[in-house]
Each structure stands twice: as structure tokens, then as C-alpha cells.
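Quick setup: one chain, the form predicted alone, written in C-alpha cells, and binding and motion questions come after.
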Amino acid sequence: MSLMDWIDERIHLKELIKGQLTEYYVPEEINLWYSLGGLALFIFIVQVLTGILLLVYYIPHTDFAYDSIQRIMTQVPYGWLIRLVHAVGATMMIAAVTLHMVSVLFMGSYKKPRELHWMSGFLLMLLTLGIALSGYLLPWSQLSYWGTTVATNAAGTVPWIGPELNRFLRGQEIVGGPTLSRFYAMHVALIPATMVLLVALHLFLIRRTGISDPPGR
């Protein structure tokens, strides 16, 4: 008996794979626009894997963050590649998620009974922007410092809660050590964990209601 048969005898894995992957209804006139959600999920997985590798060498401290990034880029084997894949992947993920939301809007895939798809997807788009912003500060370079200053200043313009939101994000009046610590915690723990839960919910909802048919069908 093979290992696969041994596992299947206990948890019926082949039946699960058959029901979830090979016998899943997909509209006949499906097009490339329907692949954007899967593309965004793939990029997210790549971001998690490359992010874990970067965490091995990154030091979240204002005195060492920049130098640790330079070490990754110049001394760690293939560190430059991992960091660039992670950096470019962030931009690609924003593009994929945004295009996915636009395609859902124009194809009417948010309509009944798929309203919850749209809501969970919209939250995922906001979290994608949040995780990109929080990661932007981590290299602790001049560009990331002033970029984060501008972004948090923008948050400070929100009516009524702007000043408090600004101080909450920064941890103090200006961008500094507390800001780096907060953004690091959001980038590597809080936001990814929330995104995993929302992705699971999003996929569950898709499985329950199915993929919408293309317009005009």
C-alpha cells in the first residue's frame, strides 16, 4: 500500500480533491479576467514565502534596519533576488487585486447572491494596500521614511479622527522607532493573519455560490 492510499483510507483525500478541484463548475465562456483572483492569491503566497526568508536576516530596529537590508542585498546568497521578488511582488499584487475588483465590477459578479464576495474582496484590497504601506517603511531608507511621513500625514486629514489616527500609526508625533515597530508588527503578523482568514472566507463563499457567468450569456 502506497503512502497516498494509506492517507486516503483514513481521510478520503482523493474524494476531497475530486469534489473540490476536478468536479467544480466553471462557466463555459470563462475568460482571462477570471484568472486575476487566482493570480493575486499566487502572488500572496510568493510574498509570504519570500517575506519569511527576509525575516531571517532583517532587524526591525532603527539602528540596524537599513544595514540589515544592505546585508541581504550584498552578502546573503541570492538575498538580492529574494528581496527584489518581494518588492516587485507587492506592486504586482496591488495591480492584480485592483484589476480583479474592476473586472468583478464591470462583469456584475458582485450582484445577488454574491454580495459577500464583493465585501470580502474589497476588505482584501484595503489590506493589500495596508500591507504594502507597512512594508514600505521597513528598509528605513530616506525614501521609505519620507514616503511614510507623507502617507501618515494623509491619514491625519481624515475628518474628526485624523490627528488621533496619525498618532496611532506613528506611535508619536513624527515617524521614528515606534512607527517602525508598529509597521513591522502589522506587516509580518496582524495584516497577513487577517488576510489569510479573509482569503479562506472568500474562497468558501465562491465554493458555496459558484463563479458568475460572463456578461451576455
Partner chain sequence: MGEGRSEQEILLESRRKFLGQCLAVLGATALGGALYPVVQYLRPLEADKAARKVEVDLGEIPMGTAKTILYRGLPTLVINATEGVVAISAVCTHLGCIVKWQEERKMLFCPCHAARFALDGRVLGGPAPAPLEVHPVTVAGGKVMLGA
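From a predicted model like this one, the values you see are computed outputs, not experimental measurements. Positions refer to the first chain, counted from 1.
Missing here is the form predicted in complex with the partner chain; even so, the following discussion is about that form.
Only one of 180, 191, 54, 65 comes within 4.5 Å of the partner chain in the predicted bound form through a heavy atom, and that residue is 54. Among 106, 122, 78, 146, the residue placing a heavy atom within 4.5 Å of the partner chain in the predicted bound form is 78. Residues with any non-hydrogen atom within 4.5 angstroms of the partner chain in the predicted bound form fall in just one of 126 to 134, 93 to 101, 107 to 115, 79 to 87: 79 to 87.
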